[in-house]
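Only one chain is given next, in structure tokens, and it is the form predicted alone.
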Amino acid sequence: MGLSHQSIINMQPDVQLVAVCDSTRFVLDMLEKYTGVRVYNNLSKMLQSEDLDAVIIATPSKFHGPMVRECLEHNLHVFCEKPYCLDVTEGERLAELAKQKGLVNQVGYHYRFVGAFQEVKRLLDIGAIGDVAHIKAEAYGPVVLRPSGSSWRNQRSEGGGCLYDYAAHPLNLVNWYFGMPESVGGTVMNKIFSADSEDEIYATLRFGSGLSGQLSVNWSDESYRRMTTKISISGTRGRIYADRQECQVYLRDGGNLPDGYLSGWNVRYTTELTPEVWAYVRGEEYSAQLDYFVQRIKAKEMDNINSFTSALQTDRLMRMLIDDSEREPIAASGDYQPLAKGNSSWWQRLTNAS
């Protein structure tokens, strides 16, 4: 992602890329030779040597917190790759620091810039499918397919494992659409090939007003060629399914239909929903999110749909899932037992095993 961001921002018409910091000498040598950009292997030295406006942080997750803090203390606007912070308390402090200093801050949840997922948000905001009853958030892909030596991505202390690397994306969309769930339950976090972290996650999310959700994530699924994130939403007046390629919408007869939509099935493709960008690297959404960051800086506008504060919701939700997965099972009985989550609790009927 660091090299992708470097390529994209280097072509952004309103930005001059002046320096890159990395720990890999080969990467720095290539960038210095072929782009002429100044290179560093120490963040502090770069911040002290260069006159900067903003920094993009695309490092292993465990470094996000301290690096974000150092950049904010130098009064720099910060774009940080997801996940925001592995430590929720640290993330809260950094969000408050950015707010105090009036600095633009953004986290790289790029699905919020995918046309199909943006259309879902628009349709939900205008009540196109009525009262929402259920949401299913999924992500699958072929990341860890055999037992092998661990990398920073699948170490809980370094990258956060499948939860922070994969599940973070659909959970962030859930937060965007519906905010924070009141509680989570039945969380299963299984190891398939990884030794230090989970490879699959399944959980139930419970919101107010009868809204429920399911999470299903697996990064050891070779039936998918690449990461695939899906959102399915059911409401009283219809249903929405979306992935990166398209937004499928079923609308019941009667009532006010959104402009351009008919009763029954409708399909809107990301290609028709996405404005053109100045450069295509990995996908339009990656250029769009960096342009959004740049334009916020130019306008001195702190309001940001992908701010540190919004990303904290996802960090808190992932912490709730971890806590729930580590909870000791309750013996089956005929009684109701409380399962406390965060600042709320919910009740689960436990049936007698016999």
Partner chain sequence: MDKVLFGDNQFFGVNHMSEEKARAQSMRFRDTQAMIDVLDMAYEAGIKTFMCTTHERIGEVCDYFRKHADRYPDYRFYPGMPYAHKYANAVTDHGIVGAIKRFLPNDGLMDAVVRGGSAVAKKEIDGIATLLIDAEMKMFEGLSTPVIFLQNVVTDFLLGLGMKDAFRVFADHVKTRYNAEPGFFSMNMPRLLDVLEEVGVENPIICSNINKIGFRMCGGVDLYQQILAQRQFRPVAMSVLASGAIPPREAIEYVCQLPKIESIVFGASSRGNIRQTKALIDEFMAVRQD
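In this text the structure is predicted, and so the values were computed from the model without any measurement. Numbering follows the first chain given and starts at 1.
From this point on, the text means the form predicted in complex with the partner chain, which you will not see here.
Residue in contact with the partner chain in the model of the complex (any heavy atom within 4.5 Å), chosen from Glu90, Glu158, Glu246, Glu81: Glu246.
Checking Glu276, Asp259, Asp125, Asp253 against the partner chain in the model of the complex, a heavy atom within 4.5 Å turns up for just one residue: Glu276. Under a 4.5 angstroms non-hydrogen atom cutoff, the partner chain in the model of the complex has Thr35 among its neighbouring residues. Not displayed here, the partner chain is approached by Asp29 to within 4.5 Å at the level of heavy atoms in the model of the complex.
With a 4.5 Å cutoff on heavy atoms, Phe193 does not count as touching the partner chain in the model of the complex; it lies far away. Residue contact with the partner chain in the model of the complex: Ser151 places a heavy atom within 4.5 Å of it. Proximity of Asn10, Arg225 and Tyr280 to the partner chain in the model of the complex is complete: all three residues have a non-hydrogen atom within 4.5 angstroms. Residues within 4.5 angstroms of the partner chain in the model of the complex, judged by any non-hydrogen atom, belong to 225-233 and to none of the other stretches in 170-178, 225-233, 92-100, 199-207.
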